[in-house]
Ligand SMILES: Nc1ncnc2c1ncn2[C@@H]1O[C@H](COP(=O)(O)OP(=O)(O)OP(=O)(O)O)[C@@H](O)[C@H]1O
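What follows is a single chain, given as C-alpha cells, in the form predicted alone.
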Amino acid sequence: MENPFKFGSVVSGEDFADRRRELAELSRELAGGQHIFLLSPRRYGKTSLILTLLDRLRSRGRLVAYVDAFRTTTSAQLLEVIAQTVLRAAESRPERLLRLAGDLLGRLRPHVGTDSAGKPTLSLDLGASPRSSLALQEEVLALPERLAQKRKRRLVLAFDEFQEMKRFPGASLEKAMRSHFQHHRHVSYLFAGSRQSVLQDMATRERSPFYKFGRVMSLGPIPQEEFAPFLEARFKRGRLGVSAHVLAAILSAADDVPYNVQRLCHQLWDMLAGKTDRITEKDIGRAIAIIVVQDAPYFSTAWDRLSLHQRQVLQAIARAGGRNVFASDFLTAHRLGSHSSVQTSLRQLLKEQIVLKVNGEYRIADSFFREWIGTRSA
C-alpha cells in the first residue's frame, strides 16, 4: 500500500492535515475585505494551507489568484506573473482569456498561448524604454481591482514568499504596489512568507511602504488535538496501531513541525507496515536514526557554511537546550566566550532560520539536524 504520509511537496485534499482554526479565520477575514500578512517558519505547511484556503474561497464564489514570488527574479517578471494569474482567475479558455486581457490590458498588447499542460499562458509586450516599464507597472497593478469590478466578485490575491521582492533592485515596485492596492475596495490581499523577520518588517516598520497595510498573523504548529487523530487514521491504513502516548512522543520528537512530523511518520510506516501491528517508542528512535543518516549530506553542507563559533552555539543548544544561553554558567560550561559573541552568532542563525526563538527559548529549527549535531558532539 502507498505510504500515506507526504512531505517535501504541496499537499491537498485528504493529505492536508486540517488547520481548522487558521482556515476559518483566514477565510472570514479575506472574504470580508481584510488584508493579511502571514508569517510562517519553514516546514510548517504554509503553501499547502494557502492553496487549500484558495480552493475553499473559490468554492464559495470568490475569484482567487496565487503568485509565487520566489519563482521570479525581476520586477517585470513578477508583474507578468501577476497579470497572468489574475486573468486566469476569471478565464481558463485561451480565446476568452485573450479577449479579457485585451479589454483590461490592451495598452500592453497581450499575447495568449498554451503551455505543455494545455493551460493558457499570457505574455505582454514589455518594450525596453523606461516609459514602457512604467506603463507595465501601472496597468498590471490596477488590474486586480479592474477585474473584480468587471466580474462583480471579490478577488483574493495571495502572494507566497512576498518578501522575495525585497531582493529586486530599488524600492519603486513596493511603493507602487502600496499606492495602488490601498485604493482597491474589491480585492483582498494575502502576503505570506517564511523569512519571517523580513516580512514582519515590511508590515510593521514605519518607513516600509506596506506599514500597517494589513493584519499580521503567525502560523504555528498544528495543535496536537488536531494532528494526532489525522496521524492515527493514516497509520490504521497499514494496520498499525499507535497509542496516544506514542503519538505524543512522535509529535514531541519532531517539535510539532508539520514537515518533520510527516517525515518521521513516513519513515515509521516504511519500517513497520506489514511487519508488526503496533508502534513503540523504541521505533521512533530507530526511525530518527535512519533519517539522520539519509540527510547527513544536507546537514554536512549546512554545517560547512557555519562559522566555528556558530557551530559551538548549536552544539551547546543541542546538548543543554536554549533557554539560558546568556547565563554566565551556560557560557562557561560550553566555552562560548562573551555574551556579545553568542548574541552575534545567534542573530545570524536566526536570520538563516537554522535557529528559532519559541517562547523565549532558542531551538534548532530542524529536530533531525539537532540529532545529527548531537552525534558530532557526543
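What you see is a predicted model; the values in this text were computed from it and never measured. Numbers for residues come from their place in the sequence shown, where the first is 1.
Just so it is clear, the following notes concern the form predicted in complex with the named molecule, a form of the same protein that is not shown.
**Student:** Quick one: in the predicted complex, does every one of Val11, Arg43 and Glu161 get a heavy atom within 4.5 Å of the named molecule?
**Tutor:** Heavy-atom distance to the named molecule in the predicted complex: all three under 4.5 Å.
**Student:** Consider Pro258 of the chain shown here, and say whether it contacts the named molecule in the predicted complex, taking contact as heavy atoms within 4.5 Å.
**Tutor:** Flag for Pro258 set to yes.
**Student:** Is Gln310 part of the interface with the named molecule in the predicted complex - any heavy atom within 4.5 Å?
**Tutor:** No, Gln310 sits far enough from the named molecule in the predicted complex that none of its heavy atoms falls within 4.5 Å.
**Student:** In the predicted complex, does Gln262 come within 4.5 Å of the named molecule, counting heavy atoms only?
**Tutor:** It does: once the named molecule is placed as it appears in the predicted complex, Gln262 has a heavy atom within 4.5 Å of it.
**Student:** Would you classify Phe210 as touching the named molecule in the predicted complex, given a 4.5 Å non-hydrogen atom cut-off?
**Tutor:** No, no contact at 4.5 Å.
**Student:** Could you tell me which of 145-153, 285-293, 242-250, 223-231 sits within 4.5 Å of the named molecule in the predicted complex, going by non-hydrogen atoms?
**Tutor:** Among the candidates, contact is made by 223-231.
**Student:** Please pick, from Ser194, Gln84, Ser75, Gln267, the one residue with any non-hydrogen atom lying within 4.5 angstroms of the named molecule in the predicted complex.
**Tutor:** Going through each option in turn, the one that passes is Ser194.
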